[in-house]
Structure formats: C-alpha cells, structure tokens
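A single chain, nothing else alongside it, follows as structure tokens in the form predicted alone.
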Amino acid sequence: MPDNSRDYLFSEGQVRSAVALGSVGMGVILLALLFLATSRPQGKYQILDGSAHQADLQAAVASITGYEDLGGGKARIDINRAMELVAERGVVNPGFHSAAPATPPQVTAPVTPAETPATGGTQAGGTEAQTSVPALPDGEPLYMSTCSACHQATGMGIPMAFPPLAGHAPELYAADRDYPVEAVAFGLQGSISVHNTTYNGVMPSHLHLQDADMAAILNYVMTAWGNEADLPAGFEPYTAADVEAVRGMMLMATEVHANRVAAGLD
C-alpha cells in the first residue's frame, strides 16, 4: 500500500500549545491595561507657599497708578486711566471708543441785533443775550445701534430677559434723575421687578459712549413710545454735563442696583 503520511514543520501539539500561550498572553495584556486604566495615581498633595507669587504680583503692579484697591483681588480704575495703560503697552487700537471729551461741542445760539455779544449784556431797549448751549446728536439712531438689541426698537424689551423702557423710563426719572445715567454708564447687576415681572440678568457698562451721546440716548428713551406723557412736571432733558458728573462716580454694577433699591424702584 502507498505511504500517505506527510511530514509537517510543527506538530499538532505544538500548534495547540502556541495558540494557548497566545491566548494567555493576550489575557495578561488586557488585564494589565485594565489595571492601569482604573488605578489612581499615588502622588501626594503639597501646599505651596503663595507669598512668592504675591510678591511677584505686587512688583508687577507697583508702577500702576490711578486705581482704587477694593480688597479681595478687586480694584476699580477710571476708564481714561485704563486706556492710558493699554496705550503705554504699545496697543495702537485697543478696539473700543475713547472716553467722552472733556469739553462737549458747543453751538452758539443766534444773537439778535439788540444784543451785545462781546459782553453778554444788552443794549438799550434790547433783551438779554442768549448763551451758547451744548449740542446733542440725534438720540434715536444711537439708541437703535446701542440699546435696541436688548430693549427692542419698540422699547418693549424681551419678557423675562430684558426689561421694557416704554412705560418704565419715566418711573426711573421720577425716582432718581441720576439713576438712568448710572444704569447706562456703569451697567446693572441684580434682580429687579418691572411691571410685576422679575428680571435677573446683567446690563453691561456703556462707559465707552461719549457724554453727549449718552445724554441723547437718555432723552430719546424718556420721550419715545409715549413716555413723554408720563414724565413728571418739570422734566429737564439730560445734558453732556449731567452725564459727565455721574461718570466721575465710577460705580460698580452692584452699587447701581443698590441705588435702584434705595430709590424705591423694586
């Protein structure tokens, strides 16, 4: 009979052993990876001495002047001084508007023939000469570009998000004439109630606006959407000088909220 047997490089037993060893090795590797993935580092926490960091921080700000240290890592700085510091560090265009000019633009009222411009007095039989008055821009386009995204073009705001100014701005003026200026200039942070609706958002500061622009916006808000009919007797439109006086207070948004509460608006 012919011999059908063949010779192989590996025997059947050797193949079985190799497969078994490979399976065991794979299991060991998987267990090792699982252990590494679930084990926690055994490092020790070390409390660092923060005095060196504080010393470096104090040295870094030692040359900075024109700000008030409020403690707790907080400080208050005038917007003009902040812009000076930015410019000193080589930033040509910091990306925001400059502060209001010290002297607003003036427009001289027409002088009648009976007046004496040189002295501001009157000639015989004449009337008292008119003095120059600050010129304000149109408040409506300024409001539309600055305020309408939140308070809307109609002044009705967005329910539960941004309070209305229609029907509410005259209440602000009557409670405290300076408060509307404070809210626009420094922003507002804290819960308020307007017409039985609670709002708890944050109004940003608009100190980048010029004094005349801010006054124009406030005058528009006070007289738009029927608000003029609700203004108290003796209403006086805001001027750039009014805004300049309030700007110097440099309040925080939370302090503006406290002033609102003190005025009885909540």
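Everything numeric here is computed off the predicted structure, so don't read it as measured data. A residue's number is simply how far along the shown sequence it sits, counting from 1.
Another form exists, predicted together with a small molecule; not displayed. Remarks below refer to it.
The shortest heavy atom separation between C150 and the small molecule in the model of the complex is within 4.5 Å. At least one heavy atom of V221 is located within 4.5 Å of the small molecule in the model of the complex. The closest non-hydrogen atom of M203 lies within 4.5 Å of the small molecule in the model of the complex. Not displayed here, the small molecule is kept clear of L136 by more than 4.5 Å at the level of heavy atoms in the model of the complex.
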